[in-house]
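Below, in structure tokens: the form predicted on its own, a single chain.
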């Protein structure tokens, strides 16, 4: 089973693109998705899912990555469907609320899909190198860019571990014949709190082990060399040109569509 934040090895065209290009494209798309009109993001969603399929990532794998966020997706939809009413009446499901809930949920799904496409097709070391490249000008303002990059790298490393730890605890609960569907509300709350506590303990233990490993390898703050060398190829420049043209087309559609 796929866990969000894990790199999927492949030889597709998207995998071979420069990490800086993919990172810049995801950031640009994210800003445009938040700003664009509903009809525009519907068309953009189709193009984004085509990019996912071109990277040879199945919809099943994408669904497995989105599954942990399903509760929040449903919660966002219900919140807008129930409370997005302009007449100030008692909260309830309305056509306008359903429409707004669908639009907001669709935006959220597209943002998640764009981020997943980046992490699925780009090695963490390449993402870190791309981040370091874009944050380099901040060094002139005495911003600790290298420390920020290291923190982001550790966060990316911890995400799959958290999901793996969560699955491990849930399987241990099932092995002890725990069934949350037949449990009372009090037992469900207790099981949820025990899950959170176990996750935090495992995270702190993992962080302590990682700190000891970094100290054993003489880790020191400051600028360091990297074995990842980012170099733009002709295919990257062509892809950047096509992406810019498509973004201009979407901006034109966003201007003319309601």
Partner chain sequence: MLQEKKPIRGIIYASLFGALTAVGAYIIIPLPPVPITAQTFFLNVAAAVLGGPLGAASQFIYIMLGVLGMPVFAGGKSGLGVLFGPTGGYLIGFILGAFVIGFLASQKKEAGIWWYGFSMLAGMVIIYLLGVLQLSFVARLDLIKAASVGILPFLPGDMVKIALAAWVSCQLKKRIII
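Just so you know, these numbers come straight off a predicted model, no measurement behind them. Positions refer to the first chain, counted from 1. Note that the rigid core is defined as the largest set of C-alphas that superpose within 1.5 Å between two forms.
Only in words, not in the display: the form predicted together with the partner chain, which the text now covers.
- The partner chain in the model of the complex is not approached by residue 82, whose heavy atoms all lie more than 4.5 angstroms from it.
- In the model of the complex, the partner chain sits within 4.5 Å of a heavy atom belonging to residue 219.
- Interface residue remark: residue 35 is counted as part of the site for the partner chain in the model of the complex, having a heavy atom within 4.5 Å.
- Although the partner is absent from this view, residue 64 stays clear of the partner chain in the model of the complex, with no non-hydrogen atom inside 4.5 angstroms.
- You can rule out all but one of 38-46, 202-210, 228-236, 51-59: in the model of the complex, only 202-210 has residues with a heavy atom within 4.5 Å of the partner chain.
- Exactly one listed residue, out of 78, 125, 169, 111, brings a non-hydrogen atom to within 4.5 Å of the partner chain in the model of the complex: 111.
- Taking a 4.5 Å heavy atom cutoff to the partner chain in the model of the complex, the contacting residues in 146-161 are 148, 151, 152, 154, 155, 156, 158, 159.
- Once the cores line up, the CA of residue 164 ends up 2 angstroms or more apart between the shown form and the other one.
- Comparing the forms between the shown form and the other one on their rigid core, the Cα displacement of residue 233 stays under 2 Å.
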